[in-house]
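Okay, so we've got a single protein chain in two different forms coming up as structure tokens, structure 1 first and structure 2 after it.
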Structure 1
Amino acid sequence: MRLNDCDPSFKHEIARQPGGEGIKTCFACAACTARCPVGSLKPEYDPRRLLRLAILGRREEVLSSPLIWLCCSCQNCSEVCPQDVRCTDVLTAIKNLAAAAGYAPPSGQAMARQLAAHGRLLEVGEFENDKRAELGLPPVSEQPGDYQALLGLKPEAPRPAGEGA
């Protein structure tokens, strides 16, 4: 690893994100890794190593790594960390930076569009409400107005055929 390839400001960039502050106190004890249910099945996913790379300033390597998306957000690491790093939250901060840099999987934008269209991740139409009524459950409505405003997205016209999600 060459120092010239490292960006020493990266850890500060992470620390400026909500929940990212904890990265500065990590002393690499690997309690997070020891308690990680993902790492125990997939050793190449190692939260301690990801945080180390981030602290060293390996910006592109971290942000472009598909491994950062394997955090299951279970918060085990946050519970056992002696430095209160809140590793799950630091990884969320890193994922947010990766998304801003264009490295996120496309599902994020697809979900945002779905929320702008329906206010819910799963649509509720007549079919769903009929099924609910059969069980004596009250109808559920879609109220996407606020979601469009907060997401800054208008509900979309149907995309022409051939265009991906």
Structure 2
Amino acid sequence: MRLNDCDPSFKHEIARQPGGEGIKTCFACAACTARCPVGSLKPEYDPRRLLRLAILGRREEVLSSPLIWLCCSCQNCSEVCPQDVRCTDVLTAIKNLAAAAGYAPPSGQAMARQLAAHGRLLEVGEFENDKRAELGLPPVSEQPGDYQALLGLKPEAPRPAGEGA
């Protein structure tokens, strides 16, 4: 790690976010890590390390990390913190900064791809529309144009009902 790679104002930026003020009182004691259910299932997830990197100003490393999205907001870490840092709130503030900087969680990226392709999270194809017809329901057509516009993509023409990808 090089000193030039650090942004000393990053912790202050986090502290200005709702819930992020606890970052300034965290001294990375690791009490949060001991009770983390995600960390027990996924050893590379360590909330103490993420908070420590944020305090050190490792902005890009923290915001681009897929690990920040794994916090399940169980509050176990907050219950044992000797400094009363609400780690889940601080991680939420970091997630908000990451989202504003253009880093989306993997699940959000998958949802964006589905919305861009189909205009809904689940593809409705010929099979589903045949079942809908048997029940007397109208067919569902894919209209991804609105979502493509929101995602900054060039809108495609809507597909007729029943025409699968």
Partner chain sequence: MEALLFLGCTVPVRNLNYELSARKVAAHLGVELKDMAELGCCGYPLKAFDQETALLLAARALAQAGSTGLTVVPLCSSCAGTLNEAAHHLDHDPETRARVQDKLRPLGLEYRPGVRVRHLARYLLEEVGLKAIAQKITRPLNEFTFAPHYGCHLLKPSRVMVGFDDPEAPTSLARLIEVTGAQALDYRYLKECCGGGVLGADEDLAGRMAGRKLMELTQAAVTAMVVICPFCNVMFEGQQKTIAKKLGSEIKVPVVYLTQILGLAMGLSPDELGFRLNRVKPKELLAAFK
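Between two forms, the rigid core is the largest collection of C-alphas that superpose within 1.5 Å. Note that the structure is a prediction, hence the values are computed from the model and not measured. For residue numbers, the reference is structure 1: its sequence is counted from 1.
Visitor: With each form of the chain shown alone, which structure should be assigned as the form predicted alone?
Guide: The chain shown as structure 2 is the form predicted alone.
Visitor: Fitting the rigid core first, would the Cα of G119 be found 2 Å or more away between structures 1 and 2?
Guide: Yes.
Visitor: Is Q148 displaced by at least 2 Å at its C-alpha between structures 1 and 2 when the rigid core is overlaid?
Guide: For Q148, whose C-alpha is compared between structures 1 and 2 after core superposition, the shift is 2 Å or more.
Visitor: Determine the rotation of the smaller rigid body against the larger one between structures 1 and 2 and give it in °.
Guide: Rigid-body rotation of the smaller part between structures 1 and 2: 56 degrees.
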